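Okay, here we've got a single chain as structure tokens, the form predicted alone, with questions on binding and movement later.
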Amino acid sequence: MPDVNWIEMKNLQPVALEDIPVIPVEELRSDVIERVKSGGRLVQFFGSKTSDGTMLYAVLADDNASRLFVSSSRFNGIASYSAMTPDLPSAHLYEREFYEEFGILPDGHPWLKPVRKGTPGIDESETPYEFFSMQGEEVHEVGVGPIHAGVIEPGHFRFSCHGEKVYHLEIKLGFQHRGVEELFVKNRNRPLYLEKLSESVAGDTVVGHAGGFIRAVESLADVAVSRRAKAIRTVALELERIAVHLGDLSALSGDVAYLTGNSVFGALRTRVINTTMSICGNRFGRGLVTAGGVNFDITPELQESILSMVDRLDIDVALAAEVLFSSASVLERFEKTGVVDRDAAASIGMVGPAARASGIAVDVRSDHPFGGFEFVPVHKLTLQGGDVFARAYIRFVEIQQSMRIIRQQLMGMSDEASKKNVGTLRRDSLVTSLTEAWRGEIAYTVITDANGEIARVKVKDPSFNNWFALSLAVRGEGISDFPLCNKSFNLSYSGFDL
């Protein structure tokens, strides 16, 4: 018997706003907690302004059944509700964000701090951020950032230590106040701008983010993209995954002074991003994915070139990984360092390869297939260690898997056109688009108004789920192991600061 509190849908299946149940917030709260504790997963939890108040939307995933469920509550004169976080730790950041944006208090939230605001110097009216502090003899704090020595974006790390041992790490992000979600709405009548904006949400995940947003738009426009275009997009997405995983293995090697691995994996990455450039003219895939398909086709000659590159890469990556993961000095630093066990990973809602390295079998390509993955099954690969070694080795395993996927997609391309026209969007509708990018699950929920124009875009980068996991990983470690733990997650500042 269907649950009248929720409407069931699939990844990329639009639903009419009038069909989404509107229930009291306390009922929504208890439903979300019960469903997640019964095996569901919180995918989106966000607000949207309406003419008569604020709507709160919750999107849950049943990964085993490849289904999504959405429900909502209306706040009209209601200033608070009972926080879910004490019963559902994975909701803690969602509730903080909702409070920050709409001022509706999650009463009883144990850690109600700013997510992206509260940065003195940008707005002097904002109060300074209050960091957690420890008391005791020889207890001290170490602050790192927000300005860093490398060419990276701002983020502040506050370590509470006793000697070299880290007892707590608090991560403060959101220094740029980019307003990405607002830009999607303000520029909704500029399709090319929106595509470029989606490519820029996280610059190291161009294909992942652009694909996620554009597939949502195509679904709302009832456009069935050709299988050829889906294959080309999938090849680009997997090349992106391989390239970043290789870059991470290079950086992890450098962090433990294994300079041969640092050089070799870096050189192999260059081969991959140059292959992406041969497809679309940009090493990071900019300009490739567009509404209705792709802007660049793969010719038979280019297809052979890509397959040849993958065959050579397969051999070279296997050799480099064999040496890396058999090195005693590397293993001494990787193994048992920065452990996030399965229970903790599940509790805080981790996603992506970091979650799979902790034994959590979650992968959108398998659970909620999209694009080329509708035709080629993807097996979920997991490890149990939850340490730096597992997060490094899962990258190697996924590189091998991605090379197999690229071969399958290239050999199965149809002769259809690679691009179709996109018309108007459905009116008063909502769609959720899930993508398994190299960091993990990207979620775009797009809502249209009565004119069929974009009224709300909610973006969730996998970093939103996983930054707190880094805090857990360094507890009990020496502070000198933080760079290694940090790189084993390789999370995004820009993907978080929306």
Partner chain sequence: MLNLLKLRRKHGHQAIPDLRSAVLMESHRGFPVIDERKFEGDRQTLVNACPTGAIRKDPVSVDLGKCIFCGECERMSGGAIRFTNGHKLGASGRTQLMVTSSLSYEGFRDCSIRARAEIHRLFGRSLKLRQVSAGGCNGCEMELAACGNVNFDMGRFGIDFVASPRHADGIVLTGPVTRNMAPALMDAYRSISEPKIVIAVGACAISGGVFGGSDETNRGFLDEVKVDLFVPGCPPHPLTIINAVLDFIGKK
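Residue numbers count along the first chain shown, from 1. Note that this is a predicted model, so its numbers are computed, not measured.
Just so it is clear, the following notes concern the form predicted in complex with its partner chain, a form of the same protein that is not shown.
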Which of 367-375, 231-239, 209-217, 284-292 lines the interface with its partner chain in the predicted bound form (heavy atom within 4.5 Å): 284-292
Its partner chain in the predicted bound form reached by all of E34, G39 and E170, non-hydrogen atom within 4.5 Å: no
Its partner chain: the contacting residue among M411, A417, A79, L319 in the predicted bound form [heavy atom, 4.5 Å]: L319
Answer option from Q400, S200, S226, T382, heavy atom within 4.5 Å of its partner chain in the predicted bound form: S200
Distance check, Y258 to its partner chain in the predicted bound form, heavy atom within 4.5 Å: yes
Its partner chain contact at G179 in the predicted bound form, heavy atom, 4.5 Å: yes
Its partner chain contact in the predicted bound form: P106, any heavy atom under 4.5 Å: no
Touches its partner chain in the predicted bound form: K196 (any heavy atom, 4.5 Å): yes
Stretch 141-174 - residues with a heavy atom within 4.5 Å of its partner chain in the predicted bound form: P146, I147, H148, A149, G150, V151, I152, E153, P154, G174
